[in-house]
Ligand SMILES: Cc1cc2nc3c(=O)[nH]c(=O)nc-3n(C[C@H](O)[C@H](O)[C@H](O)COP(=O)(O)OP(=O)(O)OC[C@H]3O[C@@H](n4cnc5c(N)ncnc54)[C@H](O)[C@@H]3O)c2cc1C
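Take a look at this single chain in structure tokens; it is the form predicted alone.
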């Protein structure tokens, strides 16, 4: 099979790119190892453990590619405030949507909800060909482009290949793309919990001695007592916490969170995810682009990973559409480099900021503890500085693609 563009990976980022480009006249094929089935929605089902904090910019992108109505029809939990504090000191800071005249700071949405809404939109429109349950086995490059050999025996050819197949990208590996990566020596415990007190549509984050702990608000049929948990701890601590029964884990979690929402009453099954930062040295080669986690993975400190990936997809779509309008060859490195120049500085800046926060709040020296508490108190007292942080989190600043602009 011959296609103008093949996207490997039908996750949130790859599917968004496919929808953003579906009307540009290209023959687009999306390949994924999964079944690509939209599950029946059950509003009473337990929350999925993996969630994303979708920014306003991400919401706009998803609206403009047609997927947001499907998300809203399932469940998306808006939050209007954020409370951050240092568990080892007295520093704290409060962010609000009201400070920047916004209705919400963002939405906490289960990744599977976003994925189902995107797939539903792709399948309903039918402009993009989907190949399910097929892994990439071999990748060969020639003067004409790429030859992809799949595990089901199919062979696909394309001049332009996009890797959207996640942190362990087969495309990135088979194409020989180099990365810089390091292990945080931490793991993230993720689950959903029900608390005695409602979350007040607030995202809560406490910096503990072991790592950050986030309680992200979830909502089901008006019940605001549920939160998604992301608890970053050392590897030894993770093993100990995962070995606890539910009652002991709820007690440990409540203590770590300083009982801000009262007793933790219920806990869903837990997942434990190793934390590793990874960044491709180049996002592009002739005829190849890496987007989303295939290009960069980031500490889950502020839930920015999927937002960066959706911006990657929107910028790449914008670059390719502009090149089409000018009659340029899409696989040309000069074209693809425009995408890299726009996205790499922003992604690196966000990764550096998250790395700096993570290191600062795990620092033991007394002087650094004092400085971070003073810093939190100082920012809390400066409305202009807080508004700047909020606008950055909303995705309202920087080099935004047209799909993400207000």
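Positions refer to the first chain, counted from 1. Keep in mind the model is a prediction, meaning the values are calculated, not measured.
The same protein also exists as the form predicted together with the ligand; that form is not shown, yet it is the one meant from here on.
For residue 17, no non-hydrogen atom is located within 4.5 Å of the ligand in the predicted complex, even though that partner is not displayed. At the 4.5 Å threshold, heavy atoms of residue 34 reach the ligand in the predicted complex. Residue contact with the ligand in the predicted complex: residue 135 places a heavy atom within 4.5 Å of it. Within 4.5 Å of any heavy atom of the ligand in the predicted complex lies no heavy atom of residue 341. With the partner omitted here, the residue from 241, 190, 335, 139 that has a non-hydrogen atom within 4.5 angstroms of the ligand in the predicted complex is 190. Proximity to the ligand in the predicted complex, defined as a heavy atom within 4.5 Å, singles out one entry of 105, 306, 317, 160, which is 306. Stretch 290-298 is the contacting one of 290-298, 199-207, 244-252, 319-327, since its residues have non-hydrogen atoms within 4.5 Å of the ligand in the predicted complex.
Judged against the ligand in the predicted complex with a 4.5 angstroms heavy atom cut-off, the residues 10, 53 and 170 are in contact without exception.
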